[in-house]
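We begin with a single chain expressed as structure tokens, specifically the form predicted on its own.
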């Protein structure tokens, strides 16, 4: 779950990370003018959207007076930025910047540990800095078990030559950012730019926070404190009607998972799952040249009715020619129930299962019963002797056959 900038900053504020003066969200030009008047000086106004490119789209404006702030807010609130309607306008004091830094904490999948990244070249993509100026990047992994100490942050920042008061102030911010990352099951906590002002103070000018999707329940308290509905799904764009319907189907029946639907523009519907198997299968389809119409997870032994409803949803999407039902070896999901649900959904949509199901590869519990059902309807299925990658290739080949 991605946070809006103002939500990320509210979280940072709870950890004592300094923000620009004011830093409140306005939902109308009048509110923006009031905040600007309270700040009593130049302000910056930023559209609150879950996408980049705000500046180019006119979503970041500056104002010197409350009336200018109202005018700027009116412009921003009327924008649609890459399909996103601003949820509000963040109004903050604008102060002269002496230097910009980058500070972020994310998860290193190779090391299987969190990693803190610091750079004295902030304000641009850290990937670009790493590529062109690697000497300006410092990294440090840390444990998920032992506490994160200020000393660890200090060592990291000092490695780029920062010293004195600047080192002490940055150390506090970095250590608190790492604690926020760990305490709230985040996958990203990033400040870019982290600015040192001309008066020596440090402030977070922009912040990005991503929460582990499965941690919504355990992080319900902080989400409520930030005014975020734990059930709200967020991506780099608002959910489509198709995705909302998928979530509704999943929520309608507590038995198993048959949801987490993400819509794409391809022609092959995917019902996939089993731990990391869903991502592996999605990537395998693309590797073979297939065009997924969706990413749709299944698992935990969903009911026949739930699987049926999900299948009908996927087939309702315009452009979907066939569906592929694939999972890793499963022990917590009955193969026969999934087979019944998928076939029921296909039949109720008026199609022949043998023509609409490109491949069915779910080996595991009750698989002989499931395979018998599939055989009765002439569906192409395979067991665990066919790898997930090979099954994805067979599905793509079927799409090419038409």
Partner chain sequence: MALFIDVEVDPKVAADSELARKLVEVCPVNIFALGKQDKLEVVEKNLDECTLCELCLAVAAPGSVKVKKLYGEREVLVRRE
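Residue numbers count along the first chain shown, from 1. Note that the rigid core is defined as the largest set of C-alphas that superpose within 1.5 Å between two forms. Everything numeric here is computed off the predicted structure, so don't read it as measured data.
Form predicted together with its partner chain: not shown, discussed below.
Is it true that 344, 366 and 372, all three, sit within 4.5 Å of its partner chain in the model of the complex, judged by heavy atoms? Result yes, every residue of the spot touches its partner chain.
Of the options 320, 79, 304, 180, which one has a non-hydrogen atom that comes within 4.5 Å of its partner chain in the model of the complex? After the contact test, the surviving option is 304.
Candidate from 141, 220, 112, 255 lying within 4.5 Å of its partner chain in the model of the complex - any heavy atom: None of the other options qualify; the answer is 255.
Would you mind picking out the stretch of 26-34, 357-365, 60-68, 332-340 that comes within 4.5 angstroms of its partner chain in the model of the complex, counting non-hydrogen atoms? Comparing against its partner chain in the model of the complex, the contact stretch is 332-340.
Non-hydrogen atom contact residue 38 with its partner chain in the model of the complex at 4.5 angstroms: Output for residue 38 is no: heavy atoms all beyond 4.5 Å of its partner chain.
Looking at the partner-bound form in the model of the complex, is residue 377 within 4.5 Å of its partner chain by any heavy atom? So residue 377 counts as contacting its partner chain.
Rigid core superposed, CA of residue 306 - does it shift 2 Å or more between this form and the one not shown? True for residue 306: a C-alpha shift of 2 Å or more.
Would you say whether residue 378 is displaced between this form and the one not shown, judging by a C-alpha shift of 2 Å or more on the superposed rigid core? After core superposition, the C-alpha of residue 378 moves 2 Å or more between this form and the one not shown.
Once you line up the core, how about residue 54: does its CA shift reach 2 Å between this form and the one not shown? Shift at residue 54: below 2 Å after core fit.
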